[in-house]
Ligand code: CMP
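This document starts with one chain, in the form predicted alone, laid out as structure tokens.
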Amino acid sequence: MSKTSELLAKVSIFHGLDETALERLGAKLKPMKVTKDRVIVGQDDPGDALFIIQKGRVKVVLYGDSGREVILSILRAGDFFGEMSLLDGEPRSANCIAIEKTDLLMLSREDFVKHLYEFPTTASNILAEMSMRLRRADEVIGNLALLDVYGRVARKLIELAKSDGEDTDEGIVIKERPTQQDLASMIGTSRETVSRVLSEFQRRGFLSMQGKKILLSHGFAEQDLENSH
């Protein structure tokens, strides 16, 4: 199996495809390299392709009237984006920007539609993925409405630990922690507030900073942080 097929096999919407189908799909993909901070997809752009991340990270963001950035999600190798516009024909709903040098694979609308007709399993997988993303969005909205800023920071750190953390004897290490500004943009607050909350969590022994890493205590996820301040 080629490296491209191995990557596709790990992409959630292509689960269930056999090696032949993966190879055929891989042959239709076009490689694309982007530099840090490059806008890959702009909000309101026409949707003409699906993108799969080979290497690097991409943030999905919206901008308010004042220019304030709201980060909806951060995508990594094996994640995909751009499928919504291909399904409903509407313009792009958000901006997708490379956080670092990123390698992508691009699938055109025409090839994507042909694939769906030939392999309905992918369409079913897309519905499942979109349902999961809607549930996450509902959770984010609920957190914004119900949790104070301490609770929101805690929930985001716990989420990152579950998705990207490495369990060690000392605690759970988040290797690629977001900047304080990115963390603020994820939870709807200011960088200064995030800095204050992280300092308080360090003081209480919930976490420690280790260069670009964060070490969370094993009991962090069990802490009642909604009213911890």
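Numbers for residues come from their place in the sequence shown, where the first is 1. Predicted model only: the values in this text are computed from it and were never measured.
There is another form of the same protein, the form predicted in complex with the ligand; it is not shown, and what comes next is about it.
**Message:** 153, 156 and 198 - do all three of these have some heavy atom no more than 4.5 Å from the ligand in the predicted complex?
**Reply:** Spot residues vs the ligand: no contact at all.
**Prompt:** What stretch, of 144 to 152, 99 to 107, 75 to 83, 112 to 120, brings heavy atoms to within 4.5 Å of the ligand in the predicted complex?
**Reply:** Contact criterion met by 75 to 83 only.
**Request:** Would you check, heavy atoms only and a 4.5 Å threshold, whether residue 173 touches the ligand in the predicted complex?
**Result:** Close contact is absent here: in the predicted complex, residue 173 is far from the ligand, nothing within 4.5 Å, heavy atoms only.
**Request:** Although the ligand is absent from this view, report whether residue 41 comes within 4.5 Å of it in the predicted complex, heavy atoms only.
**Result:** Residue 41: yes, in contact with the ligand in the predicted complex.
**Asked** Just to confirm, residue 60 within 4.5 Å of the ligand in the predicted complex by heavy atoms?
**Response** Residue 60 belongs to the contact set for the ligand.
**Message:** Is it the case that residue 93, even though its partner is missing from this view, gets within 4.5 Å of the ligand in the predicted complex, heavy atoms only?
**Reply:** Close contact exists here: in the predicted complex, residue 93 approaches the ligand to within 4.5 Å, heavy atoms only.
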